[in-house]
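Two separate entries follow, structure 1 and structure 2, each one form of the same protein chain as structure tokens.
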Structure 1
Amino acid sequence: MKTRFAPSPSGHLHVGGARTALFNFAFARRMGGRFILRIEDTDQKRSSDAASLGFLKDLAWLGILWDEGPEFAEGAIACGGGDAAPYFQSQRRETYDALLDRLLAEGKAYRAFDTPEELEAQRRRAAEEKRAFRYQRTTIDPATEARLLAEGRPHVLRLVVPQEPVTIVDAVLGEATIPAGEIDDFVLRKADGFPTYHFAVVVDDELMGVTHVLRAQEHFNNTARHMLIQDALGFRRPTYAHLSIIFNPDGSKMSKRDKDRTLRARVRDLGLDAPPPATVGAARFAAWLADANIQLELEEATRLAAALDVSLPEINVDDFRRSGYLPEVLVNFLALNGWSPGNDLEKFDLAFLCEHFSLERVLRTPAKFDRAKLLAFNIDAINALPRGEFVERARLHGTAFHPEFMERLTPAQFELLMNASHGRSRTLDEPFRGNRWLVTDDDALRWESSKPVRKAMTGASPNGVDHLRGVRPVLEALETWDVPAIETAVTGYAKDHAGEQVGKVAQPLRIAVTGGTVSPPIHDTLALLGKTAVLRRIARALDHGWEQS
């Protein structure tokens, strides 16, 4: 028994694709079979080696390792290889051509010389007449064909499709019959010599021994085509199972374009007609803004989002990784969209899924991707992590995405930061994103001007500034600079001068040393920064004009 995941490598692995991979993987494990990864890169324009590698990394990060497929090694992980290599369709052209020749010889396929323009015109006419477009087979006499071939005229290969109804048997959706005439003579090989998706998929699934195909529901109608090819070639029929599609909360299809949509909306809100400096070129920006079909590259989109101060929706597995989600949480949550083990159980890991996954419990209805629930799962999982493991995971995350922290913080500081952050961080990214003040030079710190800040610092005496002035010598006099010592000093000061209301002192201190109203508990914050920086920042804060800020 064998399953497979067969992505086309454009961009990054999207969460919908990740779920498909997950189910195929879990199903193979459950049945004691094998899981194949195959890269469907038959579209030369859209495929790239970089994207392929990204897909492999994303899958491996989730713990979805393939028994057969491209060879991959990273750290302690190594997987891939196999007898049916190569696993990149672009390297399997001779295989497809040999089979295509056979079909041609048997009269089950034929050459078609229509130009894209001609077909487009026919399609337009069909649309005008409000009827579905179906390709009309034209017979061409051998002499003419020989002449066209001799001229080197571009042509495609099409399948001779019998005019009969086709009944699809699907393990999750049941049976569906496509009436005769619904399917026309579709293309098997493109003019550039590459096979179409339909042909390559069927051939490879047969040759690689795939017995079960779990894929997105958008392929449901294609299944009839694939069955027709199998019949023409005399291939076996795998079991099909079509998975519902994952949607955005608003019901739109979750797609990579959502990033562009978010950015365009933001640009419109701001009334921008030129790109912010160092994001994208002016011409590129104008073209992108004018044409909703143009997508920015991920790097461009990221730069623009940073400049416009918006957060891009997480769509790809890599986005969630960057945002600080735990891979086991994503796996758990993805599985819950379209599958459930029953009995009100919803927290489980990959091993559990591999042990219990079944097609019978796959839902037919599409799910909307609820980031709030994903976040809630992430919070629970992070809180349940042993302290040491949280710190270790944060270290890995920081190394990958926040090198500035790793460079500036001593190991002791890093340890302190993460100890203070565990239990109050919802993602692995929050300790970094929320504590920029730690990697800012003392003299470069800027204070945010906002109502809560003014409220904490100004007002009737003794106000925040007064307390700052009062607590500074107390801190300066400390000989040991650690959390207990600071705690004693600050609470002692509050007891004598602020009616035991620690917050009256803590908040001004927090603002003075971090620039804002949010940071880890005040003793941790001060300990983290070190005595010199704290005193320096308080001194600067005392010179700041709080009234007019």
Structure 2
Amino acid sequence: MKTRFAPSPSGHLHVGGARTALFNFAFARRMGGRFILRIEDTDQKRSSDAASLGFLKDLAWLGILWDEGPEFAEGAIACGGGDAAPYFQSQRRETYDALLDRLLAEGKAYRAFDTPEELEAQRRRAAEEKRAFRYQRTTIDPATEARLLAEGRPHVLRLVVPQEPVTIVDAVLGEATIPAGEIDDFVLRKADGFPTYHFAVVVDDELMGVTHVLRAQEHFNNTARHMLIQDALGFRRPTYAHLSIIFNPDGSKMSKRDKDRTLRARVRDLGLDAPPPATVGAARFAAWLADANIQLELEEATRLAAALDVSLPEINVDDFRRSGYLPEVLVNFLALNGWSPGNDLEKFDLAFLCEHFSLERVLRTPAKFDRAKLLAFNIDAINALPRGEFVERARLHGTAFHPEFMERLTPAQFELLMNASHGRSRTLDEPFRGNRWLVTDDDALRWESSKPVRKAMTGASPNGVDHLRGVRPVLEALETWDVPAIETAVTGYAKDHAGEQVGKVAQPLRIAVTGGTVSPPIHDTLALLGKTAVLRRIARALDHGWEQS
């Protein structure tokens, strides 16, 4: 028994694709079979080796390891290989060509020399006659065909489609029959010499021994074409199971364009006609603004979003990884988006899924990707982590996505920050995103201009500025700079000068050294920054002029 996941390497792994891979992996494990990863890169315009590598990392991060496929190794993870290599379709052209030549020789396929203009004319006629477009087969004599080939005339290879109904038997959706005449003579090999997706996928599924094809419902109509190719080649038919599509809560399809729409809306709100520095090139930004069909590359969009202080919706697996979601949480949540374990069970791990997955419990209805529920799952999982494991996972996350923290903080500082952040963090990213003040130069720190800040710093005496001025020499006199010493000093000052209300002193201190009203407990915050930075930032805050801000 073999399943496969066969992505096209045209970008990062979409969560819908990740769920497809997950179900194929779990089903193979449940049935004692093998899981194949194959890269469908016959579309040269949309494929790149770099994108393929991204897919491999995404799958490995989720724990979806393939038995056969491209070889991959990272840390303690190693997978791939197999007797059916190569697993990149672009490297299998000789195999495809041999079978295409056989179909030609058997009269089951033919060369078509239609020009783009001729095909467009067929489409126009169909539209004028208010009928669906069907390719109209043209017959040419052998001599004309030989002449066109000698001239190097571009052509495609088309399948001779029998005029008979095709019945699809699907393990999830049931049976469906495509009436005779609904499928025209479709292309098997493109003019560039590469096979179409339809032909390559059928050949590879047969030669790699795939017995079960689990894929998205959007491929359901393709299945009839694949069955016709199987019949023409004398291949067996695998079991098909088509999975429901994942939608946003509002019913729209989850798409990378969601990010683009979010960015464009922010740019419009701000009235920007030029990009912020070090984000996107001016010419590129102008072209993007002028054409709604242009989308920024991921790194460009990420830099622009950071500069504009806007959060982009997570669409791809890498987005969720960057946002600090735990892989086991994403696996759990994706499984629930299209499969039911029964008994109202919601929390389970990958091992449970592999032990219990079955096609009978795959849902037919579209799944709604509830981000609030996913975040709630992640909060519960992070809170349940032992402190040491949270610190280590945060360290790995910081190394990958926030290297500036790892460069500027000592191991002791980092551990203190994470210990202080564990109970208040919803994701692994929040300790970094919410504590940028730690890696900001003292002279570059800026203070929020908000009502809570002004309220904490100004007003009747003694106000926040007064307490800053009073507590500064107390902190300056400390010979030991650690959490207990700082806590004793601040608490003692509050007892003598703020009616024992530590918050009256802590909040002005927090604002002075972080720029805002949110940070870890004040004693941890001051200990993290170090005495020199704290005193320097307090001095700057005292010179700020809060009444005018």
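By rigid core we mean the largest C-alpha set that fits within 1.5 Å across both forms. Since this is a predicted model, take the numbers as computed values, not measurements. Numbering runs along the sequence of structure 1, starting at 1.
Between the two displayed forms of this chain, it is structure 2 that matches the form predicted on its own.
Superposed on the core, the two forms barely differ at D349: its CA moves less than 2 Å between the two structures. Relative to the superposed core, E68 undergoes a Cα shift smaller than 2 Å between the two structures. Core-superposed comparison between the two structures: the CA of L37 stays below a 2 Å shift. With the core fitted, the CA of V474 sits 3.3 Å away from its counterpart between the two structures.
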